[in-house]
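The chain that follows stands alone, in the form predicted alone, written as structure tokens.
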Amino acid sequence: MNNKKDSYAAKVRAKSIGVMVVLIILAVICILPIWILFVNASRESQDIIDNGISFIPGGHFIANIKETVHLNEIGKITYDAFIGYRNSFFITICATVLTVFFSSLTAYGLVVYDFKASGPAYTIILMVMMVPVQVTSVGFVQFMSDIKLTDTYIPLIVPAIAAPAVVFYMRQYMKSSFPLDIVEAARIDGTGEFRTFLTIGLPMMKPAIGVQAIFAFIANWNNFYTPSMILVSREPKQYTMPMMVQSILSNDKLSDLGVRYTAIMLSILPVMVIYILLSRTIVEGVAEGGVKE
């Protein structure tokens, strides 16, 4: 009997070790490119050219940051990190708030209210989710041009209200963990429907809202495709951070590789900070919202 227990324990231990090794390898694969990016952001351009990849940081991190921040002043290229941060934060925060709020409201309506069109409406939402952005981009840009909204941030913010993927996730979360009895109790107490959503629905969906807020923030912050189509005048004062970085990477007059890597590092820094601070929320929210119906 003891031999069987020892054999079973050995198998479990071996399996655990195997899983741990695989996870460590995956973690290294994910972290290594980011580490190399930060290392190269601290090296001189000539050092990068001569020695290639290095895992040891250099001593020019502050110098590269200063030169990147003041690129516009030294006349190499039109670039301003502060303008990029300002525009990206404004667009990203506004779009994230709209995405999370209206997607939560839509999911709440699909789950709480029992009406005949709820099934077809949810099916249509799923169908829209499967349509790539690139398919509708030409018509979208043409429509924005017709109503004179190009070169404004409105087309980058307002469409965030319609986020089918977020609605899908929020509905799945509510189906698995949202008690409908509490809504009925609020109705009996005379609470209005919208107030019930604000005071009961939103607080109870807080884990899922936190996860989707992080994902929406990352997606909007990294969005280069849509701003590059809408901001047609290419005014530097309107550039988002990804557009600022692209203006550096596509400029053949700037050969300083350290500055290039520093620009990329500065663009992903806010996303990394938010992800690290809220990583626990992501794991817990995905686990709770991933329950199948």
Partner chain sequence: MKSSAQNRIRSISYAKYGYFFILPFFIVYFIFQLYPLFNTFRLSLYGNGNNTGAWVGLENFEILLFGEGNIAVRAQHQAIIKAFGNTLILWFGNFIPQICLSLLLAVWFTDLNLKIKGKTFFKVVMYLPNIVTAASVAALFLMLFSRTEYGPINSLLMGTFGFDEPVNFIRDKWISRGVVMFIQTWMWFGNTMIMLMAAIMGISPSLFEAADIDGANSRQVFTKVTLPLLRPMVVYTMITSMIGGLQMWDIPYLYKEGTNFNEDIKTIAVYIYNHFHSLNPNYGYSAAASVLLFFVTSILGSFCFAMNRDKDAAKRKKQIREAKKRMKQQNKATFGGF
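Numbering follows the first chain given and starts at 1. Please read these numbers as outputs of a predicted model, since none were measured by experiment. In this text, rigid core is short for the largest set of C-alphas that superpose within 1.5 Å between two forms.
Just so it is clear, the following notes concern the form predicted together with its partner chain, a form of the same protein that is not shown.
Novice: Are I31, F115 and V128 jointly within 4.5 Å of its partner chain in the predicted complex, each by at least one heavy atom?
Specialist: Checking in the predicted complex: I31, F115 and V128 are all within 4.5 Å of its partner chain.
Novice: Given that its partner chain is left out here, which of Y79, Y108, Y169, F178 has a heavy atom within 4.5 Å of it in the predicted complex?
Specialist: Looking at Y79, Y108, Y169, F178 one by one, just Y108 meets the 4.5 Å heavy-atom criterion.
Novice: Decide whether A95 counts as a contact residue for its partner chain in the predicted complex under a heavy atom distance cut-off of 4.5 Å.
Specialist: It does not: once its partner chain is placed as it appears in the predicted complex, A95 has no heavy atom within 4.5 Å of it.
Novice: State yes or no: in the predicted complex, is some non-hydrogen atom of A163 no more than 4.5 angstroms from a non-hydrogen atom of its partner chain?
Specialist: Answer yes; at least one heavy atom of A163 falls within 4.5 Å of its partner chain in the predicted complex.
Novice: Is the gap between I182 and its partner chain in the predicted complex 4.5 Å or less for some heavy atom pair?
Specialist: No, I182 sits far enough from its partner chain in the predicted complex that none of its heavy atoms falls within 4.5 Å.
Novice: Please tell me whether any heavy atom belonging to Q246 falls inside 4.5 Å of a heavy atom of its partner chain, as the geometry stands in the predicted complex.
Specialist: Taking the distances in the predicted complex, the answer for Q246 is yes, it comes within 4.5 Å of its partner chain.
Novice: For the stretch 85-99, which residues lie within 4.5 Å of its partner chain in the predicted complex by non-hydrogen atom distance?
Specialist: Not one residue comes within 4.5 Å of the partner.
Novice: Rigid core aligned, does the Cα position of Q46 differ by 2 Å or more between the shown form and the other one?
Specialist: The answer is yes; the displacement is at least 2 Å.
Novice: Core-aligned, does L26 move its Cα 2 Å or more between the shown form and the other one?
Specialist: Passes the 2 Å threshold, so yes.
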